[in-house]
Each structure stands twice: as C-alpha cells, then as structure tokens.
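In the block that follows, a single chain appears as structure tokens, in the form predicted alone.
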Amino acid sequence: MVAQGQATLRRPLVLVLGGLDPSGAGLQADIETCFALGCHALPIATGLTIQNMRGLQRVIPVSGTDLMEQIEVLLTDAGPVAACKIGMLPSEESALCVGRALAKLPAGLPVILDPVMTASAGGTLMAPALTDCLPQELLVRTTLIKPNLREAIRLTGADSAEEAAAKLSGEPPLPMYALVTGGDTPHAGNVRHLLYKRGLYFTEFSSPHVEGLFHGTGCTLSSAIAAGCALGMSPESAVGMALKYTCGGVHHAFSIGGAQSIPDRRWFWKGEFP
C-alpha cells in the first residue's frame, strides 16, 4: 500500500548547473525544458546575473565552497542522477569545482557542456581565462560540448565550423561529441548544425531559420539534449530531438515585454516542426 502523498512514478533527474537569469534564460530555461520533456531538473547556481533582454550588467559568481556545498547536500537526499547539463561558468574556480563534482558522479553519466561565453543581448558570462583553455577535469567527464559557431572558433582558433568541431571532439580527455550550432550566424533559409564524434564528421542537422531575436535558445537546446539522454536516448538521437523541440519553442515564442522573445518551452511537441 502506497502512503498518502508518496510518489509512485519517478521522473529522470537532470543535474543542471548554470546562472540565475531573471529574464528567462539560464536555470529557468533548464528547469522548464527538463519538465516539458518528462524529467526533473536539480538546479545548482554557479552565479547570479543582473541583466535583462537588452544587456548584461553584472555577474556575481557563487564561491567554490558554496557551489560544492549545494551539490553535496542535494545529492545526499536526491535519487540517482540520470544526466548533467553545465551552463554558465563565471570563474576558473567554478569550472574546477564543477570538474571535481563530476568526478563524484557515476562513470558514463551523460554530461552536456554548453560553454556559454556571452549573453544573447551582449555581456561576458564566462571567465576570460576559460575561453582559451577549459580545465581538463571538466572536459574529461564531458560527453558532448555544444558551442555556437562563434564560441567554437574562440575555443579552438579554427577557421570553420568543421575544423572547430573536429578539434573539440576526440579521444579522452576531449569530449566524444561536439555539436557546433549555427543559429548565431547570418543566414537565409535553413540553419546548419554540425555533429562530430571522436573528431570525425558524424552528421549534419538542419532547422528552419526564424526571424527575430530570442532569449535562452542555447540553454533550451543543451538542456533538451541532457533530458533526452536522461530518458535513455543516445547522444545522437537526443541531439536530433532537442533541435526539433527547440525549433518548435522558437516558433511558439512569446514576449514578456523585453527586447527579445522567449521560446515557449511548454508547447506540446509531437516530433515535427510546426
């Protein structure tokens, strides 16, 4: 007999680490996306941001001690984590602490790293030192890294999306997969997203280009990939699902009165573009 109030069904748990953005990206995007796709997000704040959809004013990093305590206290009570998504890393200390925290999680746990460098409306989110060299402790536990094209070029010094994706994936300590998204570059028609595995071309995805300015699409996509992995999908299948889901959210985007629109992460996704 089940006691009153006791849950009978479990949602897969996704550990999400990122910044608190009061304008609708960051941890809010992570939570909404995981819930919409049938998972439960365990949010850990790496920093607070003072921003709106017109620009970032300031980032307040969470100390390494507080960051680790958030994770350790949470995991003593929560059930087993099925996947992890990492977003804003505002300091070298936070990146190293996240790397140490990942080492305590089960080997083989899918980890999605979104190396977000700037806010969509402008302003630096990642510690400058990290844009040139992400810690090996972090990369060695990362399954898939998901930069946009500008971030990929900054991280690798490459001249193209193909070269950057090849440099970002490979044998350990590099992540197995690199997904370089093209939504931040000028284009017409469809947008290209390149997926590389072990440093080699794996496949290419295409999504319709939608006119307008949107806030939190990268967070939505990377959290959706993590949710897909938590639900048992392979990283390749999770990427395909997440791109369709994110595209649908953009098509159904709404305004809260700011300079950018928010993807509707609650929309009922049927597996097809709208």
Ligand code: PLP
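Residue numbers here begin at 1 and follow the sequence given. As the structure is a computational prediction, the values presented were derived from the model and not from experiment.
Another form, the form predicted in complex with this ligand, is not on view; read the next lines as being about it.
Proximity to this ligand in the predicted bound form, defined as a heavy atom within 4.5 Å, holds among Ala164, Leu195, Met126, Ala119 only for Ala119. In the predicted bound form, this ligand lies farther than 4.5 Å from every heavy atom of Leu113.
In the predicted bound form, this ligand sits within 4.5 Å of a heavy atom belonging to Cys219.
Shown alone here, Gly26 lies within 4.5 Å of this ligand in the predicted bound form, counting heavy atoms only. Residue contact with this ligand in the predicted bound form: Met88 places a heavy atom within 4.5 Å of it. Only one of 226-234, 36-44, 63-71, 208-216 lies within 4.5 Å of this ligand in the predicted bound form by heavy atoms, and it is 208-216. Of all the residues from 33-63, those having a non-hydrogen atom no more than 4.5 Å from this ligand in the predicted bound form are Thr49, Gln51.
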